[in-house]
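Single chain ahead, written as structure tokens, the form predicted on its own.
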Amino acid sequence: MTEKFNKVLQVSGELTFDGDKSVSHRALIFSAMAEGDSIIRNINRGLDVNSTMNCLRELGVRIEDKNDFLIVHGKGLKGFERPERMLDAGNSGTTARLLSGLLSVQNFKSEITGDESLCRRPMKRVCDPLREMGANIKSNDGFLPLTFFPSNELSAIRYQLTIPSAQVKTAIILAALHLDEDTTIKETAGSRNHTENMLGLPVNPSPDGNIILINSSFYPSPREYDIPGDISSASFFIVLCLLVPDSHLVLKSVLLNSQRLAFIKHLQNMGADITMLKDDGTSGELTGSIEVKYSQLRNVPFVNEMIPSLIDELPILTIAGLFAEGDFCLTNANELRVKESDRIESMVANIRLMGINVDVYEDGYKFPGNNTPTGGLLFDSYGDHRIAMSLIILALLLKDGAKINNLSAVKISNPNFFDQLKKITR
């Protein structure tokens, strides 16, 4: 699928979003684990969350889709059924890694795989701590597919995260919820904390990081989830509004979790006119509205401690950096290499198509800002949804627009993206 996008003259209006993808995955899994019926409103309708839903159905979970909400008939502790076929996580690393924690403690054999892209993403990072707990896991040399065998040797552990990963952290938590003894996880760098918030886990600060405590007393119960709008999906529209003169945009009922606002803080450091209005929150998370106005941006250094919290927004922040004053310089972002594509190579290849000189590092890249490329080019998304949406925003900012191929990946996280663009642009 190749499509041409033309320069937009103005951005204005209001937008709402499907539920946050990270929260949606967890609401589905926690509801499936609970014994009884849970209701989920405003579920994310992207392909990634659909992969989690399909895997849970293969495990015997009945999920009723009522359009406006889901009813999940939870299976209770150790109530899942052995799947008749290999579970398919599609393109979703969250599905594969989170379900690894759950599958590792079941009393039956199971397997999980994914598409070609996901099968190239590292799984050793999640297998290692689960094996330390006693899980019996066979991998394809640290990659998918993974096979899980029943284990009688599961035990609590004290684990320090070697990389700031909410997916690895949550996999450990999901396994630890099946044990009476206390498991503790220490993280020296912050990562998304939706799992802790939604389960009400104790998080104790220490001089060099946070310590999370987990045991079976925190096993999920049936409940109702009202999922706030996806803040990562909102990021593309925020950057577009900031870069189009005379633009003004309001984003309603979005997630305002502090661990997810690093990209907004970075944009504000760049001079962005962004105002957040918080409300009472829902499903254990802060929510609210975001007001955005056109701004003159200047590139500023990234705060290294913030990189893990804005890793998904780095492609769209790169687009902002192209048009901001001063040099754009990103380092300490090695994790971009192991996303749906190698996002360092994906972004650099497309930027160079515009004749912009880019220095490439193992952990990032650097280029001059304040660019005025004319466009008229053919960009490549490399099958990566966040690269695809970032390039669409770029094309809308170019004098002659641009063509982009392989746009079907947008459906992975935000199938409403194109309709939302039409609603706010002219």
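Being a predicted model, the structure only gives us computed values, none of them experimental. All residue numbers refer to positions in the sequence shown, first residue = 1.
The protein also exists as the form predicted together with a small molecule; that form is not presented, and the subsequent description refers to it.
Is there a heavy atom of residue 239 lying 4.5 Å or less from a heavy atom of the small molecule in the predicted complex?
Outside the cut-off, so no.
Decide whether residue 125 counts as a contact residue for the small molecule in the predicted complex under a heavy atom distance cut-off of 4.5 Å.
Heavy-atom contact with the small molecule at 4.5 Å: present for residue 125.
Report yes if any heavy atom of residue 164 sits within 4.5 Å of a heavy atom of the small molecule in the predicted complex; otherwise report no.
Output for residue 164 is yes: heavy atoms within 4.5 Å of the small molecule.
Can you work out whether residue 312 and the small molecule are in contact in the predicted complex, taking contact to mean some heavy atom pair no more than 4.5 Å apart?
Flag for residue 312 set to yes.
Of 184, 247, 259, 94, which one comes within 4.5 Å of the small molecule in the predicted complex, counting heavy atoms only?
If I apply the 4.5 Å criterion carefully, the residue I get is 94.
I need to confirm a contact call. Of 178, 265, 339, 223, which residue comes within 4.5 Å of the small molecule in the predicted complex, counting heavy atoms only?
Answer to the contact question: 339.
Tell me, please, which stretch of 7 to 15, 20 to 28, 414 to 422, 398 to 406 lies within 4.5 angstroms of the small molecule in the predicted complex when heavy atoms are compared?
Checking each option against the 4.5 Å cut-off leaves 20 to 28.
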